Structure formats: C-alpha cells, structure tokens
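The chain below stands alone and is given in structure tokens; this is the form predicted on its own.
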C-alpha cells in the first residue's frame, strides 16, 4: 500500500477502504507521509467527497491516532456538549452547571480559541486562580465530588486532527462536510463521554451559514456518534446575530454568572435550558427532553445551578467570590462607545463582524502564539428587533489599548443595521436531530 495509489483512487472518485484510510492517518501522524501527499489527498477528498462509511472510518482512525480517555471511574452516564462555534457562545459555562445540578456528570475537555475570542478554557482562566490543567485522577475525583470539571484538551487527544486541521487551514480544504465531521467527532469520541449533545450553529456568524448545510452536518455527526455507540443529539441553532450581549472572555463569564442568577439575556437563557434539557435526557436523569427542560429550569430558579458553578470554580482552584464581586476579573482601562446614527429598529447585527471587532480589540487570537487580553471585548446594548433613538448606545467596546479599542468600535458600528420597520423575530432553536 502506498500514498500514490490512495491519492489516485480518490482522485478518480472511488471510495477508500478502512485499511487505506488508516494507512493515511497513521502515516501522516507519525510523519512518514509528507505534507505534499497529504495535501493532494485532502484536495481529492474536497472535490470527490467521501461517503458515510469513509467518513466514519476517517473519524475512527483519527480518534485512535492518540489516547482515548477512560472515564469509567466516574459514576453515571457522562455527557459531553460541543458547539460548532459562534460569537458570544458561552453556553458551556451555563449548561454545565445546569446539567450537573440535575445529577448529570460533566467531564469536559475544551480547547483554546483561535479567532474571535478565547475558547472555554481561556474564558475560565479569567477567573483568578482557576486551573485548566489537572492530573487524570484529580479530574475524575472532581467530577465524582462536584459533578462538573472542564480542563484543557491534551495534545494526546486525536493528534491526527491537530496536524490535518493545520494543513487544511493553509490548503483551502477546511469547509468539507466529511473533513469537518471527522475533525469534531474524533475529538469528542476520544474524550470518553457516553453521550454527546451538539450545538450546530447556522447564520452569518457560524461556520455553516446556510440552514440546509448545518442540518446536513448535524445529521452526519449524529450518525457517526451513534455508529460509535454514543447517544448523540444535534440541535441546530441561530447565529445570525451574537448570542447574548457579551463577546469576550471575562465579559462572557460574567454574563454566564448573571444568567445563572436568573438575570441573563433571553436568548442565552433559552438556549442553555434547551441544550441542558437534552443533556439531562441522554444522561438518563429525565424520561424526555421536556422533563429535562423542567428540571433544568428548576435548577436555574432555585439557585442550585449557581451553587454548582461556585463549587466547580472552587474545585479547580479559582476564587468563587467572583460570583458576587466582578471587580476580581481582569479590568479594561479603555472603552469606546458606539452611538446609533439614526432612529428606528435594529434589523440586523452581523455576528461575524462583531466577532472580528472583538478580536481586534484584543479578545481573540490571530495566531496560536498571540496573547489574549482577557478584559477586552464588546457588550451590546441593543439586539435585533430593539427600538433605538439617534445617539442611544448600541454597544461598548472594552480593551487595554485605545487604538485597538477604537478600531474595534469602528468595525462593530458597521455591523449594526437600522431601519424604520420592526423586523420579524428570529427563531433561535431551528431543528433537533436525533
């Protein structure tokens, strides 16, 4: 078996066998297959596509390219949650405590962000003292004791994905359904949970902008998860405007805390309850998603989920006093306000533009080596459908570099669109795939 024959076979539109896919993944991971041959195969896959069986075999080979986490030491049905990414997406910080407060063990490994803001790990590190690196025994003990732990993903989880994604990023082969699915699901399947709830975003701030494409991705990921013996549900949700009001790192943690206090924005609250309802259901703590929703709402209204967040923060070395004292978070020294240019209604907020503005203010990374300003970001004062008067604030941009903050504000201002008529309300939960 050699790479030339595998590249030729896929170039001609034929399906690759399990053995050929495993040969490619293992060879590229250990360095015996060079970048130029891997690039050629990725481009052949991009144009000729993979069928369902090939996609599953690719995912499985990538899953087994490194460690497969053993969570058998954790009691109960372990549930993982993954979002395909969006602007202002801090749902893990809300749904984790909600589901854990209902008895579902959450042992989650998250990555760092490369783009608009930091990932969940970066956000949690804005809490003084919070540790995102734990030894395996401490991680398992913490989940058994508290019910929730979130740590950084190690380099030993699906290393093939790390190498392949870096190559896809520079060869214009990122947006292929099979390659996206294998990238996401190889890491999720290697992370050891028994069930997975996927939040598949669609809209101008999402990776999959079109609803149909998001549904196709969700269906394929659910199929792959089930084929690997995992209970898997995908929820297709709107990302045509930022989620919630805060976009940044410490800003999003504060908004998550406010949400668990019952004072969060309507959209983040509703999405968190909906995702938690499915996590509680697949975690076998509810007989249906509807019952799961009721339990999640009770955990929110009783304060049980907020207490779970405090225990989670304390368990990982963080200062739980941040829940009542937001001054303990990193503070921005600069702010730039964005006033409305006219009267009317906000008819659109380009999520991608807000995300880029947040990144440029210091909240995100352009390269892996960049340092994030954990205090930087944007707080929206208006969402789609809100009435606005000329001069009224649309958003405030925060940071620690006035030039960057002003640049972010200029970009964010262009993301708002105002018209005379009130627009139709957007649907947040678009489809559930199971």
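Residue numbers count along the first chain shown, from 1. Please read these numbers as outputs of a predicted model, since none were measured by experiment.
There is another form of this protein, the form predicted together with ligand URA, and it is not shown here; the text below is about that form.
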Checklist entry - Judged by heavy atoms and a 4.5 Å cut-off, are 300, 305 and 308 together in contact with ligand URA in the predicted bound form? => result no
Checklist entry - Just one of 182 to 190, 251 to 259, 308 to 316, 130 to 138 has heavy atoms within 4.5 Å of ligand URA in the predicted bound form; which? => result 182 to 190
Checklist outcome for this item: in the predicted bound form, the residue from 168, 360, 201, 108 with a non-hydrogen atom within 4.5 Å of ligand URA is 168
Next on the checklist: Which residue, 293, 207, 345, 329, is the contact with ligand URA in the predicted bound form, using a 4.5 Å heavy atom cutoff?
Outcome noted: 207
Checklist entry - So in the predicted bound form, does any heavy atom of residue 82 sit within 4.5 Å of ligand URA? => result yes
